[in-house]
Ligand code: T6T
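There is one chain below, alone, in structure tokens, taken in the form predicted alone.
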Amino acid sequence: MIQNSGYFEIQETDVPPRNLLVTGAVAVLALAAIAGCDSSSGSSGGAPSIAFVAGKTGDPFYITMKCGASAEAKKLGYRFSATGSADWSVPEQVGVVNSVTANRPGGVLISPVDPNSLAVPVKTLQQAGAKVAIVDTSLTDASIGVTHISSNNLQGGGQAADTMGQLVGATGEIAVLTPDLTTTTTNARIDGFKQELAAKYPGLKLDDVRQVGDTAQGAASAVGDELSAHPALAGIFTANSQTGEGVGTGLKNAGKQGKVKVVSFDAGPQQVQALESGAVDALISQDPYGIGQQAVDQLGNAIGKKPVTDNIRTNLASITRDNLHDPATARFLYKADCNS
């Protein structure tokens, strides 16, 4: 960790991919290496250390979460570091978690990229003595982690459906674009969207839920396919930031921008720009800064042997061009870096 003029800077590291499988021998050696050590003080002693493992380091959502966690760690006197992989990748994140475990931090907040494949390495991290906060996404094994903090994604999906209903009207055909059908957060958003449509908007027909990968290019390409299959398409809901960034391009290429209404999850700088330009019509935004803050608070409680809240759900906001510049909206806009 770089220390400079009395404050701590975030240390970003690029961790090369490693094999997904962690052998039992490696796990045993990792645990043996830390046996008898007080992990709450970190590998270098002194003030306790807290590490952040992002789901995807370049994503404004995780950058903003890192900013909130870093600011709270500084306020509470913890050493702080941040790492992760450039892609939403199980093998890469497993390698990152193993490296973090070897550094023996006192606490770790992590967004697992898969609910099952990350269970063993994160459990090994926890058994090594680190207090673990599961943030944003989740693991199938809910016993892993001292606290679990995320947006209320089911509610967010419902907000997306309500916003779509206001934009499209009483009738129309709707499609959903999602990176995959395994990520717990996007699945909850889709479930909330479906439930709210069925309960309140019977005239809105859900034509398709399409997996497009976690890239803007995949979403842009899928828009053309959806329009070919459903010429009367009236609205598109995108379940995360990457799909949201691509849908405007796809509609522009098809000559449908402004005619097909778009509600997109997340509010990164590119998405806000798309909202301002008319490429999308509404954003359902999370509070990643607050998630980072609360995770560090709960890890601090765990390290200090104070009561810890097991489950915390944070608020979301529906952002349109009408309320984009309202002061109350500012906290829900994601950052490109911690100085912006």
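Position 1 is the first residue in the sequence shown; the rest follow in order. What you see is a predicted model; the values in this text were computed from it and never measured.
A second form of this protein, the form predicted in complex with this ligand, is not displayed here; the remarks below concern that form.
Participant: Within 4.5 Å of this ligand in the predicted complex, do we find a heavy atom from each of E72, T147 and Y289?
Facilitator: Result no, not one residue of the spot touches this ligand.
Participant: Can you pick the stretch from 156-164, 136-144, 89-97, 220-228 whose heavy atoms fall within 4.5 Å of this ligand in the predicted complex?
Facilitator: Only one stretch passes the 4.5 Å heavy-atom test: 136-144.
Participant: Using 4.5 Å between non-hydrogen atoms, is T185 touching this ligand in the predicted complex?
Facilitator: Yes.
Participant: Just to confirm, Q242 within 4.5 Å of this ligand in the predicted complex by heavy atoms?
Facilitator: Yes, contact at 4.5 Å.
Participant: Heavy atom within 4.5 Å of this ligand in the predicted complex: which residues of 55-90 meet that condition, in order?
Facilitator: Going through 55-90 in order - heavy atoms within 4.5 Å of this ligand in the predicted complex - the hits are D59, F61, Y62, W88.
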